[in-house]
Every structure is written in structure tokens, then in C-alpha cells.
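Single chain ahead, by itself, as C-alpha cells, in the form predicted on its own.
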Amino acid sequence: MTVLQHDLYGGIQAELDASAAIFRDELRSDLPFVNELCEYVERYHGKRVRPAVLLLAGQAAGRLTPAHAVLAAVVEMVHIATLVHDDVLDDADTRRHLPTVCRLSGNEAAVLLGDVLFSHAYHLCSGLESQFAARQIGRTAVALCEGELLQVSNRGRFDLSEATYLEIILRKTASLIATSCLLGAHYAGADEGTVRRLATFGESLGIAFQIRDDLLDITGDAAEVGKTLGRDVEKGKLTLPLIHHLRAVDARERAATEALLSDTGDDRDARIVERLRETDSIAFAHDRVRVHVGTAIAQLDALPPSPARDTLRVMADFVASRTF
């Protein structure tokens, strides 16, 4: 259990444990190889942000029901499915300090395992009385895939705009966190305005979370972050610090940075960080994180005081400074 979970998840620990049991039971297969892979990806549980915000949004907006534990398992399945697929796309070696599924069992097995996780998520949703969750998860899965496709179509483009970058992360990361908050509030019986505010909280939190993640890919410590770093540059994916830097420099410096991005030298990453610091591009990205965190926190002001609301606020503050 991470410090984040120990300090903040006490009020929802029983529901998190229930969702973990649902997750495990749903993925049980009569095929030993499938079982082994499903048991392996259980180790991909990290900060459990998506199930946590779903449950906390439910508590902050009303009361938790048995459906909430099911939905917490659903959003975690969808999230882990995207991680498994992302590692294939990024040719990543490690995840949560472990070999990735694609490195362990090959790309074919990893792609199919991701599909298994998505399918089980829809199966869980279909067991609820209302189909509201199934429709929301379906729409979110489309957004996730569209975000990845948009990113793939812009690989290697040094003229990528900040607006397009934000559209990518809105779809591929923020959409699922927003949906988690929306489902938590909706199934707690919240009114439409409260549901909308909590969905906006999740969206803003998700944008901040991904910008911070992209910063860690450039400046983080692989041992602390627990996954392969530097893949964004290697795969030609421009993130916010680089977008800002390329916009800030003159044509000669821009050409020099573009040449560096195509370099494969051992010191490339350090040289990139040095260039980004010269244009305050890392600080710029940090500022953007704080802006989106502020937008998220502002959505909580209209909610009645509660430990759950306070925890959501602390989680948002944590995103701005996390190092893992």
C-alpha cells in the first residue's frame, strides 16, 4: 500500500477491498495461461486513483451502494487494459517495477489480454440494473481509443500545438477519471448539477495528472516512478514541455532541438532537460498542472463539507507534486 492509499483511502477501504475481490473473481478463467496473465496484471494496481475517486465522489455526493464497488472494479479494469495496450505501443520494458506483459509474454498476448480486460468490464456493467454505466463506459472506451489514435497520427510532428496535445490527454487519460467521478456521483443519487461538477473535477484532475506524468517521463527517476521512462521522446510523442520549448526558441535553436530529439546518444535525455530548463518549459508545464488542479478543486466548493470532499481536495493537491 502506498503512502497515498494509507493516508487518504481509510474512509473507502472496505469498498476498495470489495472492488478488488470483484476484479479478481470476474477475471477468473478455466484456462491456466489466461489465469496466470490475469493474476499477473493484478500487480499493476498502483495508486488506484480511478476507483478511489469514484468511491469518494459517491460519498461526497450522497451515499455508496453495492453498485459502487462493481463500478470501481470496472474503471480499474478499463484503466489496466489501457496500460497493457500502452506498453505494447511504447515498447515498454517495465511497469510497476515489473516486466510488462508484452515483454513477458509477447505483443500478441498483451493485446489480447487488454481485450479480455475491456470485455470483462462491459460484462460487469451489464449485470447492473441500469445500463447507464455501460453506456458511459462504452463512450469512454471510444474516447480512450480515439485519443491514442490522435496521438499516433501526430507522432514525429514537431509542430504539434498545445491545443491538440490537450485534446489527446483529455481523451486518453482525463475521460476515464471524469467518468469515474460521474458514475460515483450518479449512482449515489446526486442531482445533475453535482454530477456535472464532479465530472469536471475528474476531467481537470485527469489533465493535471497526465501533464505531471509527461513531466516525470522527462525528469523522473525510473526507480521511483516504477516504469520505463523516456519513451515519449523515443516514440516521437511531443508533450507539453517540448511543445512550449519549440514555440519559445528561434529557428536555429528549434532545429538544434529537433536534431537532438532524433539523436540516440546516451546523454540525449539530459541534454533535452537542459534545453527545456533554459526556456523555463518545465516550469511552464508545472504551472499548467497547478492551473488544472485549481480548476478541479474549485468544483468541490459547492459540495457540503465531508471527509470525502476533503480527501478529493488533498488528492488533487497530491497530483501537482507527485514523484511516482
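Keep in mind it's a predicted model, so treat the numbers as computed, not measured. Throughout, we count residues from 1 along the sequence that is shown.
Beyond what is shown, the protein has a form predicted in complex with a further copy of the same chain; the following relates to that form.
Residues of just one listed stretch (59-67, 270-278, 33-41, 290-298) have heavy atoms within 4.5 Å of a further copy of the same chain in the predicted bound form: 33-41.
In the predicted bound form, at least one heavy atom of residue 118 sits within 4.5 Å of a heavy atom of a further copy of the same chain. The shortest heavy atom separation between residue 158 and a further copy of the same chain in the predicted bound form exceeds 4.5 Å. a further copy of the same chain is not shown here, but in the predicted bound form it comes within 4.5 Å of a heavy atom of residue 127. Although the partner is absent here, residue 149 lies within 4.5 Å of a further copy of the same chain in the predicted bound form, judged by heavy atoms.
Out of the listed residues 244, 85, 197, 186, 85 is the one that sits within 4.5 Å of a further copy of the same chain in the predicted bound form by at least one heavy atom.
The contact residue chosen from 171, 79, 212, 95 relative to a further copy of the same chain in the predicted bound form is 171, the criterion being a non-hydrogen atom within 4.5 angstroms.
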